[in-house]
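Given as structure tokens, the chain that follows is alone and in the form predicted on its own.
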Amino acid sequence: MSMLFAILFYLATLVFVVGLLQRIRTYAATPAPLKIPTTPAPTTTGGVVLRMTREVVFFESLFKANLWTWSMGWLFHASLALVTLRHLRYFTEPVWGWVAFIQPFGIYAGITMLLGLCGLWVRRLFVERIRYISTPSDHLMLLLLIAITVSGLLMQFVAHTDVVAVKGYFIGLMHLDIRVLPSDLLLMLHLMLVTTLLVVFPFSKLLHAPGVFFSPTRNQTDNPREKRHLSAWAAKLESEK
């Protein structure tokens, strides 16, 4: 099983990295032929950076649109960030000081992460206009994230696993040294779900994470009168005339 999970993690990481880089490359190469920032929009580059920061950190546009969705979405994403940072302890030796500091907060962030996910799923199930546009993949993705969270919480609060051995296993993977993984059924389920998430991530709606940085309605300055906007392909055609 240790060898099997090692192969799965190597393949899943490869698919995740290559797929994500390919998607980002596609986003970056897609031309924006028009100036279409959502107004009121900043007129300077610094203003765009500030706007993107507010969007990424505080979900500003979602806050203005729907407080219920914003509260559940922000709760989930903030908790996910904290949980992910907490898991850095399994890949670092010695553990960085700030990672050790956030360990207690990361544990309870798993609970708030589950609450946020359940709130988002309730929204898809019971809000008619959201249920109408929801696809099976939307529900399956939420179920996958909920299953990962629940299995992680069970290992934390109910059926403990050998975290020292787990850390040794992943540090070994980083150095192409495959060690023994604890034969814990709940741990194996958790890891299998995580590898599944890594594989499907580059092909799912979760790509809104990097995609927001390439949204022309957010990353453009509102200066069409001061500066003519030309996409790369249009600029090339004009230079060839």
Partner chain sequence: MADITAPAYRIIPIVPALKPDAMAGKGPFVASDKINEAIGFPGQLVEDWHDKAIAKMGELLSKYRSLKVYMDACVHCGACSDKCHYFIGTQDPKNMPVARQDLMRSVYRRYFTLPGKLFPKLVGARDLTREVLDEWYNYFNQCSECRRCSVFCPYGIDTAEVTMAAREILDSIGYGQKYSNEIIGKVHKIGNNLGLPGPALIDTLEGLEEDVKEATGIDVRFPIDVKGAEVLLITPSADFFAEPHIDSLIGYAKVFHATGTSWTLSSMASEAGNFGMFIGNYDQLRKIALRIREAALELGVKRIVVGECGHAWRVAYSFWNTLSGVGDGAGEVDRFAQMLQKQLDHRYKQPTHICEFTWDAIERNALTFDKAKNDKHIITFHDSCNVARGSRMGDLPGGQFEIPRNIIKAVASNFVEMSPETTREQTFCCGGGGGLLTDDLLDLRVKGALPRMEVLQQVVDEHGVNFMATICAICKAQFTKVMPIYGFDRRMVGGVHQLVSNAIILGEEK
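Source: prediction; values computed, not measured. Positions refer to the first chain, counted from 1.
Below, we refer to the form predicted together with its partner chain, which is not included among the displayed structures.
Annotation: in the predicted bound form, residues S2, D162 and G168 none come within 4.5 Å of its partner chain through any heavy atom. Of the heavy atoms in D184, none are within 4.5 Å of its partner chain in the predicted bound form.
Contact between R123 and its partner chain in the predicted bound form is found at the 4.5 Å heavy atom cutoff. Within 4.5 Å of any heavy atom of its partner chain in the predicted bound form lies no heavy atom of G46. Looking at M155, you'd find every heavy atom of it more than 4.5 angstroms from its partner chain in the predicted bound form. Proximity to its partner chain in the predicted bound form, defined as a heavy atom within 4.5 Å, holds among Q103, T84, S137, T92 only for S137.
Contact annotation for 48-62: residues with any non-hydrogen atom within 4.5 angstroms of its partner chain in the predicted bound form are E55, S61, L62, listed in sequence order.
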